[in-house]
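Presented as structure tokens, the chain that follows is alone, the form predicted on its own.
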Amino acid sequence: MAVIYDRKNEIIQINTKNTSYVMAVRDGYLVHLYYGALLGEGDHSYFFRTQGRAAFSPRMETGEGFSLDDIPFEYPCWGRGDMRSPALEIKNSDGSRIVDLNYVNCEVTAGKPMPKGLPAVYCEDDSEAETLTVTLADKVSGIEVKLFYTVFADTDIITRRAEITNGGSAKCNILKAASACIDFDHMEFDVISNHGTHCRERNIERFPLARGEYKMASRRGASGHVHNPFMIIASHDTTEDNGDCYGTVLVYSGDFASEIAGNQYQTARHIVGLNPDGFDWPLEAGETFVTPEAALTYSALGFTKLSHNYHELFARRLCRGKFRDVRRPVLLNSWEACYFGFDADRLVKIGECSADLGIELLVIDDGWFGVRNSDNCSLGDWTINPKKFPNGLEGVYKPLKEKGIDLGIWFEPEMISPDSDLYRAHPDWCIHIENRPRSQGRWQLILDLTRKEVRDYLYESIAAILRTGMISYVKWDFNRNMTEIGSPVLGAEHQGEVTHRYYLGLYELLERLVTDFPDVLFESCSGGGGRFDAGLLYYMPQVWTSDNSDAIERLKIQHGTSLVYPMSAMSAHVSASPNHQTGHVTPFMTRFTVAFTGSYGYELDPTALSEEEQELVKKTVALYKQYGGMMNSGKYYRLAGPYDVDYCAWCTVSEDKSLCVAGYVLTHVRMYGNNRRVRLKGLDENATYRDALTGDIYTGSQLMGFGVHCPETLEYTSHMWILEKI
């Protein structure tokens, strides 16, 4: 069994394949005892240590016993005596801010109950998972909290979430409701988080935990470019292959907060969930609020094992649908090929050329609808532009289908242009605050997805295009963050709900679309990686990783993304050179080597390529068709860089270790460079491998022990090894 309940000692132990999570009931409170390497069954009571530390914190009513400010809680609350940051804070009907949760009971069930209206990790059969549900309650207010812990038998992932029910007779307000908390009995950690902005997402930052609170969060109305809803907590000496590390990922796309604090007694508390800033959720008597889900993991073998835990679970039990387990189609996106300057004839020419090169899908990006010839109009008017498409969408679809190439299309459904027929008809449909100016980003406002009529309009607009059967791929964009956050239809006391209700509305809309159009591949985008999160992977199995398509810049972006997200989720393209964002002049094979690590495509005009470049496209398309399935399903290893050395290297190894694709990019040339070599990982040390590109033969032990020589050539050049077991 994955969950063991020792009734005599009131200890609950959750076991994954390699880890254990232990909690206990003490004086009526659910306390955290341990999270780490796998433990055997036994009495773990001695893990709970009371040291009599109180400082100025109270020791309950009698002044006796332990202080709530000095014990590790599973789901800490505000107002009773724990002065640290809480997981739950409630304003009661009398205006007081206190909730005191005591243990009621627990039960274990097979499978995994899914949170209503929210994305989450799933199981395909109840035998895959076991769920522990712990019930806590406040006897005075009637607040009841159910904590859900689901463990997957063959992974090292535990998912957590909470359901808060108002069991009292009067309304209360939830001010903070986290998905998970972990209390550690020490604070000797490094915190690994990310930072970034548009075109520079998910750069890695590592620093030692100090006393005081560090909060990585978004209040942008999206998970955002600046931070991403994951955090890693690691021992100071943790590396890719050794050391303790813990990960938490929030399966959510809106405002989040991931916080950790070093406390007065050299302990640490980590909390992840909805961002409480601006959040205020009225809960009437009998109503229940469901938090998003958090996915937790622990690795004693460094960051690589932590990443593999997440990659395996997210790729196979978060992503869904027919495209989950298969190689994605090789696509060409029209954006950098022609921006807004296209018509049907030009698209057909680009598509036919793409087909001749082996490309399988042409994506029509922004500019096909309304009167859209620039970014200042027509969002919301999702009908074909008759001037650009005099024969409708069929005028492009039919000749390309005859060439064997499918058609994809770009939408930005959540937005509305003030210069649009939709806005002229429904100026109240955008998120706004009455009597306040409506600030625009990219000349656009955001539609109010809390409103059913708005969601229904979007569904019908998108479905009308998809029902034609001509579209097999949708790129779903989101190109601004929220301001003037309000929904007048909700009423004054419900304005603290707007952002979360927006995402409940978005998830409802997406669920309708992916259910009704299962043969369409949906890709998420938000100015690239501005909403690259686990929440959207439940509906769309891949994300445009960054609007920065420069191969050298992508090294850091993809490195940071790979900490928790599977490579199949990263959409990566070969773009033009000089690059349209940075001006970098980069060899074609370097652009391919970097893009080959994700779901693959091109971001250029194939008709403008030289014969030599077109031959390179044919070659690289063929390589992806041959090996891309393994690249999406194999184990990914970060071998070197991109922060500490002048090069970057990585490899992907098939599950049976019969195939390895390794890449290397030189980012900076040094005079009189050293004899650089890179040691590979994950191979069969007793096997022999042949490089399919050169014919060179190696043993697995050589490749992992000595490694391979890295060519010292020109800056931004690359090398690739395709190693097949013989």
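These numbers come from a predicted model, not from an experiment. When you see a residue number, it is the position in the sequence shown, counting from 1.
Keep in mind that the form predicted together with a small molecule is not shown, yet the notes after this line are about it.
Contact with the small molecule in the model of the complex, judged as any non-hydrogen atom within 4.5 angstroms, is confined among 400 to 408, 475 to 483, 251 to 259, 145 to 153 to 475 to 483. Taking G221, G527, G196, P418 one by one, only a single residue has any non-hydrogen atom within 4.5 Å of the small molecule in the model of the complex, and it is G527. Exactly one listed residue, out of D365, D183, E130, E312, brings a non-hydrogen atom to within 4.5 Å of the small molecule in the model of the complex: D365.
Although the partner is absent here, K215 lies well away from the small molecule in the model of the complex, with no heavy atom inside 4.5 Å. The closest non-hydrogen atom of W650 lies beyond 4.5 Å of the small molecule in the model of the complex.
In the model of the complex, the small molecule lies within 4.5 Å of some heavy atom of W335. Proximity of R442 to the small molecule in the model of the complex falls within the 4.5 Å heavy atom cutoff.
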